[in-house]
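Next up: just one chain, as structure tokens, the form predicted on its own.
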């Protein structure tokens, strides 16, 4: 048995919003030596009281450790920090674990900047709340060079024990995370729309919640079926066609209108069904609607 003490792993965190602070705290709780920097000093001090090391500049954070996690609101905010503090020259041999949300163009441009500066890049996306970090419920999607990801693995496992390796294409975490967000956001917006209809129609919120819980079990199974139909190319076989769903939605639209609730969501859903029928998918399964959202052939 080797009783030699293992060196404490070091990591820097730049950006201490709710998620960034959660990242730093998770690293601290796992026994890491954590250096932190944020424009607002009070957020730094809150973590220092828990054992973090304060950095007066982002350059200090870059110099403190070989791995630096960046978690800011936008890529433009990070770009401003890099330019303001002249950080490009300090990127050499530093691995940036970028967890800032951005566009595909921003992801590509940022990776090029890091590599041109002699640094290493692992680009990722978190699909969980700060409270889930470090637990089996944490979801972390990451791409990068295999050797880079291997070096990041011990740190990534502290954040999400079963983090997902999406390969070398640096844009994959952005594509997958935004795709997942699209489904989450539209589902939650639809939920709030239904809640507004119930409230306008005199149905209690508690009753709505009770029956939503029952509907969720059906919804999860149906989502899996739809995805499998698209994956297997079986979008023509159906027990409820797009046309049937469109007719059902027309009744939703009518009731929502009668109750006086805003129809912006209902109009948008109606337009999707109409597009599906317009391109000849009316008799196909609901899964065929994936073609309505496909990139234009032009």
Ligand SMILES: NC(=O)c1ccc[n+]([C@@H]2O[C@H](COP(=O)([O-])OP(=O)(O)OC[C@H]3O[C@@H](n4cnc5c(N)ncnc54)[C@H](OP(=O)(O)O)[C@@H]3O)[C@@H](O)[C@H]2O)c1
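Positions refer to the first chain, counted from 1. Everything numeric in this text was worked out from a predicted model, so none of it was measured.
Keep in mind that the form predicted in complex with the named molecule is missing from the display, and what follows is about it.
In the predicted bound form, no heavy atom of residue 33 sits within 4.5 Å of the named molecule.
Using a 4.5 angstroms limit between non-hydrogen atoms, residue 231 is distant from the named molecule in the predicted bound form. Among residues of the shown chain, residue 20 is one whose heavy atoms approach the named molecule to within 4.5 Å in the predicted bound form. In the predicted bound form, no heavy atom of residue 107 sits within 4.5 Å of the named molecule. Comment: the named molecule is not present in this chain, but in the predicted bound form one of 196, 81, 203, 175 has a heavy atom within 4.5 Å of it, namely 81. The partner is absent here; in the predicted bound form, the one residue of 114, 140, 148, 72 having a heavy atom within 4.5 Å of the named molecule is 72.
Listed stretches are 188-196, 155-163, 73-81, 219-227; the contact stretch with the named molecule in the predicted bound form is 73-81, by a heavy atom cutoff of 4.5 Å. Heavy atoms closer than or equal to 4.5 Å to the named molecule in the predicted bound form belong, across 38-67, to the residues 38, 39, 40, 43, ordered by sequence position.
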